[in-house]
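Below you'll find only one chain, the form predicted alone, shown as structure tokens.
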């Protein structure tokens, strides 16, 4: 069953220079219990998509086109109050900076209890029992429920945010860089716990990261974004081991690996285009080693290079 269907989504930010088209024409779908990774360098629009799905764009941001269907219901058509009922109950988010996602002057457990009572017909005592169960689920000591955020380590804060995202048993979780600033051992623990919870509760997950190797480890499908567009999408093994878009190839080549022969990492020269101005042709052409003169003039078309594997490039 299709849990989430994003169709031709475009998102813009109103700036002093004009409308910055941060996301343009992005489409993907996600089945219940499956995971989709969105990868790309900073500023490509990954987090903007996540915030749009949650209805949490800043005041100067707005969806300028497309549809977002969650269980067949278009989230764009909901009022703010209706969206508030959807948020945390049907779709939740693990925010990028765990240390900033928790209220520093409120006990961590009280923040979770508040989120449960707001969306479920339960007492505070019942909500606290639910929080105790969530702490055990994510490997947190129950006795730490009444601590303040500053009393938690980075890994504990991240586990607390995961517990909060699960508090109302949502069907979709958006995980925005959930392992940033954690050491590699804690990163692995968090990733393993995320996969276990997904399988146990049949949760759909959108995993946002700049690290394609992490996404390949935890996701069934990978979507690669560049300058506000989705440029390649396919199965995790297809995209990671057989990348077709020049940007995806460069992205994979820029990450180190412990397997195989030692290779020199290759940085991607140049910078992404400024998205204030309309771009006629391929957005990657100025940095692409295979670029031709026509690439600057013609919009690239989607090409199917294998079953379930598509690339936004005319030369792949």
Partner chain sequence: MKRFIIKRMAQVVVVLFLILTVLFVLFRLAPGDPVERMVDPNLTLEEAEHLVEQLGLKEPILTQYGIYLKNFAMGHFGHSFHYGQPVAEVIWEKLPNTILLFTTAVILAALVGVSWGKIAAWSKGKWKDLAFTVAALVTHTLFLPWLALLLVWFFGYRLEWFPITGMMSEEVWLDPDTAWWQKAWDVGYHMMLPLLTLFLIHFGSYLLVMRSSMLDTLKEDYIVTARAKGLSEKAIRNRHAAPNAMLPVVTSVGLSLAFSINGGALTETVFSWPGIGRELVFAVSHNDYPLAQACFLLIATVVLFSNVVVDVLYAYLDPRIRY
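Positions refer to the first chain, counted from 1. Not measured: the values here are computed from a predicted model.
Beyond the structure shown, there is the form predicted together with its partner chain, which is absent from this document and is the topic of what follows.
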**Request:** Give a yes/no on whether residue 125 approaches its partner chain to within 4.5 Å in the predicted complex, heavy atoms considered.
**Result:** no
**Message:** With a cut-off of 4.5 Å between heavy atoms, is residue 95 one of the residues that contacts its partner chain in the predicted complex?
**Reply:** yes
**Item:** is_contact(residue 106, its partner chain) in the predicted complex, heavy atom dist at most 4.5 Å
**Value:** yes
**Exercise: residue 152 in contact with its partner chain in the predicted complex, heavy atom 4.5 Å** = no
**Prompt:** Any idea which of 70-78, 126-134, 200-208, 83-91 reaches within 4.5 Å of its partner chain in the predicted complex, heavy atoms considered?
**Reply:** 83-91
**Item:** Sole residue of 172, 145, 156, 115 within 4.5 Å of its partner chain in the predicted complex, by heavy atom
**Value:** 115
**Request:** Check each of 288, 54, 30, 63 and return the one that places a heavy atom within 4.5 angstroms of its partner chain in the predicted complex.
**Result:** 54
